[in-house]
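The chain below stands alone, shown as structure tokens; this is the form predicted on its own.
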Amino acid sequence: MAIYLDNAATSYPKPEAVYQAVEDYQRNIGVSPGRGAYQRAIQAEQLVFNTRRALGQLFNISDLSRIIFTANVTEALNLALKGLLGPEDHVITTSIEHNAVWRPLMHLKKERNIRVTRLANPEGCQLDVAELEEVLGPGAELVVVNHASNVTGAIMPLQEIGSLCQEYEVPLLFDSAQTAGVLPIDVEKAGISLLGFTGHKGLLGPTGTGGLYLAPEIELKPLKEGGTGSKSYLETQPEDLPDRYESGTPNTMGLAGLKAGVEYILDRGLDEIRARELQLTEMLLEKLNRLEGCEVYGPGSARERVAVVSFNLASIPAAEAAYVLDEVYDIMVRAGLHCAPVIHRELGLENRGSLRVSPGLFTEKEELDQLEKALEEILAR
């Protein structure tokens, strides 16, 4: 039986309620929200609103109009960076960032001559907030931080970073791709100005869903313009939120599934979900550390990371090991740079990459036992 251990890319399987919600929308509603006054269109609009409401409950967002739906967290981060930063602005970020942050920043560096300060992280562990304070000052327009590395799993100190940014009155853009639905995120308590999230990982929703929260003081230039179903008489984009940033027909089918995924998380509780993740991560780290010739990267403690563990097996190329795991043992893991080349460079793995194992909420302990056995056999060869 196939074993899926790449939940850092996309969580699988989903709760049964997610599948049912997608099918129910397709079969029984199936129309565009906000594009008609008939009953089904109103039902679709209510579904989208209820998805915002569930996310608002999860992230403690009181003004639901400030939750902007996007196709994924990449689009959300592009909207934030390209909508906020102007010519020669100064951005502070870290070396653990995903290409969803790095590539837009490099584009803006070329296009708008922005200045990027990168905080190094040669061990792939938690960010030293004192180092952030050293470079933070009146000249900074934005701090961008990944809540947890998708390579080493290291969790960044959200509360401390948020408090520091508030003290210096610098907006904070937080990428919660690896933490939303797993770790508590309170945008008001943490001082988050912009929160990017994706639906298809820890939020247990379908692919093609995500969004961006904007604090009341944040105003962005839209990434796109077009039909919103509101104020159609205007030749310019409406100013009202969320319509200003949500042009085009939304992925209502996906949002139906996202709503079900978030409601599942709210019902089950973040404490229980995190406890399950810690249990699996501790077991995985213990197994990997027993293997002779296995080098694990990032924090040694499961409590300092999400359920994302990258490693290498002696001199075996990561891609080759992943291929054998799939073809011989039917175990799916990730190999390569994981869209995060900078942290691989700092770990000395730019030309090698790494194997990444990321158990999910529905991973069984026996599946990790089978992974350990397969890795032992690969090393023995």
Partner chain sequence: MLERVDITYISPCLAEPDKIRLKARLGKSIEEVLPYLNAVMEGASFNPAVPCITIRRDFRVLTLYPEELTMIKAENSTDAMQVIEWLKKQIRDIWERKDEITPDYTRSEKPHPLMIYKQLPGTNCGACGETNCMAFAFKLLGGEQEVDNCRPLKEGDYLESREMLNNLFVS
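Positions refer to the first chain, counted from 1. Only a predicted model underlies this, so the values are computations on that prediction, with no experimental measurement involved.
There is another form of the same protein, the form predicted together with its partner chain; it is not shown, and what comes next is about it.
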Worksheet item: Does any heavy atom of Asp243 come within 4.5 Å of a heavy atom of its partner chain in the predicted complex?
Response: yes
Discussion item. Can you tell me if Leu64 lies within 4.5 angstroms of its partner chain in the predicted complex, counting non-hydrogen atoms only?
Written reply: yes
Worksheet item: Is there a heavy atom of Lys221 lying 4.5 Å or less from a heavy atom of its partner chain in the predicted complex?
Response: no
Discussion item. In the predicted complex, does Arg303 come within 4.5 Å of its partner chain, counting heavy atoms only?
Written reply: no
Item to complete: Could you tell me which one of Ile42, Ala319, Val328, Ala314 places a heavy atom within 4.5 Å of its partner chain in the predicted complex?
Response: Ile42
Discussion item. Quick check for you: of 50-58, 330-338, 346-354, 24-32, which stretch puts a non-hydrogen atom within 4.5 Å of its partner chain in the predicted complex?
Written reply: 50-58
Worksheet item: Listed by sequence position, which residues of 103-125 have a non-hydrogen atom within 4.5 angstroms of its partner chain in the predicted complex?
Response: none
